[in-house]
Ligand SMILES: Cc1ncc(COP(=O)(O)O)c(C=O)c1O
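As structure tokens, one chain now follows by itself in the form predicted alone.
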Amino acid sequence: MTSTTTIPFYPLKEYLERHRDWVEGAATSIIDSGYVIGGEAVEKFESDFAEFTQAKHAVGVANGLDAIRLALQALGVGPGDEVIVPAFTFIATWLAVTQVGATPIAVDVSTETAGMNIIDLPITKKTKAVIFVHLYGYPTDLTNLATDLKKLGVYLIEDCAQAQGARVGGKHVGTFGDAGCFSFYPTKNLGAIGDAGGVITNNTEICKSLKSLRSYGAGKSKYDHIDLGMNSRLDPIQATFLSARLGSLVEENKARLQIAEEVTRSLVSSKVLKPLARKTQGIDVFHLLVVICEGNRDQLQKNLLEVGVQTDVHYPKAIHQQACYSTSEYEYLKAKKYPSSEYLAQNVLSLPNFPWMNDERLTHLTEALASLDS
């Protein structure tokens, strides 16, 4: 296969060049307003995002990790509490638990979907919360889980860092549980031009707590501090850019879906690549287009790169395999096995699926994938 076409994994510069007016407009509007911390721009995005997700409240914060950490704090999760998390996810899911002093309890995921197994969760008297991750932008209906956990007095937090716009059963992810946490990292479906994050909730008290905790535990006045909070405020330039980008999110997600469907069709007869199974009949937003490598992943990546296709791996290690969770403090993790998580870590491969991919690039991608079987 010979071609001059190249496909970067996610050429962010191309996107920013296409929407330079949004970038420049965001900066200019904040400079003109004089409000470089907080202000109407942040309030507008919070209102826009709450309306988009059909949540009662949205609270902007500095990044996705802080979104989960602050949600845990707002729910009173801390030392002595256990929080159930998937063994296969991005490390921020676990770090938030660790940072509030709680204990992460790992659960294996499905080999077919990469979603956390939610049947027979290891709930104990110490369990304070469950964090479910809508990994890769594939939504899962959590209606029954939310009902069951509520009866047990256990909180449900949704990690929606990769699932902006994903819906199932008519509901946006993040609205099934007590809080939905988002990252707006630049490469996300709804990405900022720097770090940014947010939390949605239908609980007014949780919203009030989040707004206090994100700003030094602020009370009713500037130097009144009622909680042990932190500095994690959404920057108004990021908020302005996010409000502008939010208007095109649905169309961009549709483009991602079309690319994923075209690639999936091209892999029907493949002996070396297998798409992950779709979880539900909801709206998948394909933040990442992930396949399972039946052959040698390193070699397959090399072969694709030789014909101009850049790929990535999300993620090469399950979290219990990370060095920071291999110390004696986390020795208890070795008492259980997580075979599906370890299998996925060894075999997943992420293909490019940025929404502005043109027909030439898409054709080249599908032909490059087909060539792997020859």
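A quick note: this is a predicted structure, and the numbers were derived from the prediction, not measured. We number the residues from 1 along the sequence you see.
Here the subject shifts to the form predicted in complex with this ligand, a form of this protein not shown in this document.
Just one of 130, 285, 74, 161 has a heavy atom within 4.5 Å of this ligand in the model of the complex. Which one? In short, 161.
If you check 242, 116, 196, 83 against this ligand in the model of the complex, which one has a heavy atom within 4.5 Å? After the contact test, the surviving option is 196.
How about residue 188 - does it come within 4.5 Å of this ligand in the model of the complex, if we only consider non-hydrogen atoms? Looking in the model of the complex, residue contacts with this ligand include residue 188, since a heavy atom lies within 4.5 Å.
Using a 4.5 Å heavy atom cut-off, state whether residue 90 contacts this ligand in the model of the complex. Contact check for residue 90: yes, within 4.5 Å of this ligand in the model of the complex.
Taking heavy atoms and a 4.5 Å cut-off, does residue 315 contact this ligand in the model of the complex? Residue-level check for residue 315: yes, a contact with this ligand.
Taking 4.5 angstroms as the cut-off for heavy atoms, does residue 65 touch this ligand in the model of the complex? Output for residue 65 is yes: heavy atoms within 4.5 Å of this ligand.
Stretch in contact, per heavy atom within 4.5 angstroms of this ligand in the model of the complex, of 139-147, 188-196, 171-179, 268-276: Looking at the other structure, the answer is 188-196.
Those residues of 8-46 which, in the model of the complex, come within 4.5 Å of this ligand by heavy atom: The stretch does not touch the partner at all.
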